[in-house]
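Only one chain is shown below, in structure tokens, and it's the form predicted alone.
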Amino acid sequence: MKTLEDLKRLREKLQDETRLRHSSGTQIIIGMGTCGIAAGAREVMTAILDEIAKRNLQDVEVRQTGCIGMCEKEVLVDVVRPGEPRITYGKVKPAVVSKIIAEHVVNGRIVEELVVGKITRDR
């Protein structure tokens, strides 16, 4: 960083990334406990943020959570679309992130082969 313009561009980029993590609408929740991180959660988080930025999705909140006791299924990623059940995807790798974003987050179609859990509000 050498100029004031470089600093302004960096600030805008960080504000965009922060907005991605705190917007309303669809939520994407990534298991970032020790077991999740060991299984590659940081890489999955990066892939999710990159895919959201690439698609310029504005109404998606990305959050982190700790271990929920399904360590053997890590990396766990939940997708919660407004008014729909919470879907938990397991053994998520960066290579399948674009499919989850395109099919479920954008088009509302659950990627059944990766689902390990489903929570409805009627429990």
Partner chain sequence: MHELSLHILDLVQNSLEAGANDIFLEIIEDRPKDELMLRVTDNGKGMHETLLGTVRDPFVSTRKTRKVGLGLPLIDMTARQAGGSLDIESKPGKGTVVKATYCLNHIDCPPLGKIGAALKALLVGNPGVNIRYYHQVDSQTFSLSTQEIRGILHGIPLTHPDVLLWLDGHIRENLARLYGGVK
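Positions refer to the first chain, counted from 1. If you superpose the two forms and keep the largest set of C-alpha atoms that fall within 1.5 Å, you have the rigid core. Bear in mind that the values here come from a model prediction, so they are computed numbers and not experimental data.
There is another form of the same protein, the form predicted in complex with the partner chain; it is not shown, and what comes next is about it.
- Hey, in the predicted bound form, does residue 66 get a heavy atom within 4.5 angstroms of the partner chain? Flag for residue 66 set to yes.
- Message: Is residue 75 part of the interface with the partner chain in the predicted bound form - any heavy atom within 4.5 Å?
- Response: No, residue 75 is distant from the partner.
- Task: Flag residue 60 as yes or no: does it have a non-hydrogen atom within 4.5 angstroms of any non-hydrogen atom of the partner chain in the predicted bound form?
- Result: Contact check for residue 60: yes, within 4.5 Å of the partner chain in the predicted bound form.
- Might residue 8 be said to contact the partner chain in the predicted bound form, defining contact as any heavy atom within 4.5 Å? Although the partner chain is absent here, residue 8 would touch it in the predicted bound form, with heavy atoms inside 4.5 Å.
- Item | Contacts with the partner chain in the predicted bound form - residues in 32-64 whose heavy atoms fall within 4.5 Å | In sequence order, 32, 33, 34, 35, 37, 38, 42, 43, 45, 46, 49, 50, 52, 53, 56, 57, 58, 60, 61, 62, 63, 64 come within 4.5 Å of the partner.
- Residue shift check between this form and the one not shown, rigid core fit, residue 9 Cα at least 2 Å: Yes, because once the rigid core is superposed, the C-alpha of residue 9 moves 2 Å or more between this form and the one not shown.
- Task: Regarding residue 97 and residue 9, go with closer or farther for their CA spacing in the predicted bound form versus this form, the difference being 3 Å or more.
- Result: Farther: residue 97 and residue 9 separate by 3 Å or more in the predicted bound form.
- Item | Direction of C-alpha distance change in the predicted bound form, residue 7 to residue 53 (at least 3 Å) | Pair moves closer in the predicted bound form.
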